[in-house]
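Quick setup: one chain, the form predicted alone, written in structure tokens, and binding and motion questions come after.
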């Protein structure tokens, strides 16, 4: 067999496999969206769910998911940035640094259900936060922190060494070089990774079953006191997220229109995660053009 023939066969096999995977993904997304888009309306997105009656919505669950996402990012981003900067610029090569990287890799491979059980033991019971948004945010931080550390480290390592050395040669301190030279250049990678991580957090369910809870109090959206038990801004209240709500409706829903509610909620979840991914790609391109002066 000639080299050209072998190359054509290999290319055809790769293209066929790639097309097959794309068809599977497109079929899965299409099935979820076709089933759910017809049930999405403004009332569905804003009204509370019903237990045994028809016509329930996903308003509190959607708000809980967004609020939990904000809380998680507020904890994850500073810790991930700090750890990534340390691993990239301050950690000396050696057994200790290799061990830290090994721990980060092990954490990133943990099943989310294990992270949820860890959160139940530590955050819910030991620290006494109970089933709450804050417990869920801490569990998702454990789940998401390795990704943020790797993203930050890779972003900083992608900065050309010549720019770093030029800054140091001009008399700038190491921290000033990191803050003013390296972070702006690495920001497109870091921001893109952060948005992708946000989409991952938004769709998480297993870790939240044991930390944030499977129920939510009746929220009063006129009460913006974060210490009030009925306030939507209270981080220490139990909160059922959209992904958990989908699981609960499918497993134990009693409403007559439970399948329609689950289909609509699934479509909303898919659309939101797709929006996160598209936003990450668009923002990454915009920031790359801004910081590299490319057209």
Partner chain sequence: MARTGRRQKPKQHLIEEWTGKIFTSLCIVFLVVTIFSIVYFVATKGLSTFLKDGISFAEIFGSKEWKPDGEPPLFGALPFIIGSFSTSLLAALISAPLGICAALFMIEIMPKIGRKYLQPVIELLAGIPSVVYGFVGLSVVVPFYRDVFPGQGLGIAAGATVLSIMILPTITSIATDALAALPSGLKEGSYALGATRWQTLYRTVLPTTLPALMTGVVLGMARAFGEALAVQMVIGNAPHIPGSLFESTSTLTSVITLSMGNTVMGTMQNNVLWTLALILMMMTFVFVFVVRWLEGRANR
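Positions refer to the first chain, counted from 1. By rigid core we mean the largest C-alpha set that fits within 1.5 Å across both forms. Remember, it's a predicted structure, so these values are computed and weren't measured experimentally.
The same protein also exists as the form predicted in complex with the partner chain; that form is not shown, yet it is the one meant from here on.
J.: Taking 4.5 angstroms as the cut-off for heavy atoms, does residue 166 touch the partner chain in the predicted bound form?
T.: Contact with the partner chain, no.
J.: Answer yes if any heavy atom of residue 231 is within 4.5 Å of a heavy atom of the partner chain in the predicted bound form; otherwise answer no.
T.: Looking in the predicted bound form, residue contacts with the partner chain do not include residue 231, since no heavy atom lies within 4.5 Å.
J.: May I ask you to check whether residue 90 falls inside a 4.5 Å heavy atom distance of the partner chain in the predicted bound form?
T.: Although the partner chain is absent here, residue 90 would touch it in the predicted bound form, with heavy atoms inside 4.5 Å.
J.: Quick one: is residue 173 in contact with the partner chain in the predicted bound form, heavy atoms, 4.5 Å cut-off?
T.: Looking in the predicted bound form, residue contacts with the partner chain include residue 173, since a heavy atom lies within 4.5 Å.
J.: 64-72, 259-267, 223-231, 41-49: which one contacts the partner chain in the predicted bound form at 4.5 Å, heavy atom to heavy atom?
T.: Of the options given, it is 259-267.
J.: I need to confirm a contact call. Of 195, 189, 142, 181, which residue comes within 4.5 Å of the partner chain in the predicted bound form, counting heavy atoms only?
T.: Only one listed residue qualifies here, and that residue is 142.
J.: Listed by sequence position, which residues of 77-92 have a non-hydrogen atom within 4.5 angstroms of the partner chain in the predicted bound form?
T.: The stretch 77-92, when checked against the partner chain in the predicted bound form, contributes 78, 79, 82, 83, 85, 86, 87, 90 at the 4.5 Å heavy-atom cut-off.
J.: Is it true that residue 9 shifts between the shown form and the other one by 2 Å or more at the Cα, once the core is aligned?
T.: Yes; that C-alpha moves by at least 2 Å between the shown form and the other one.
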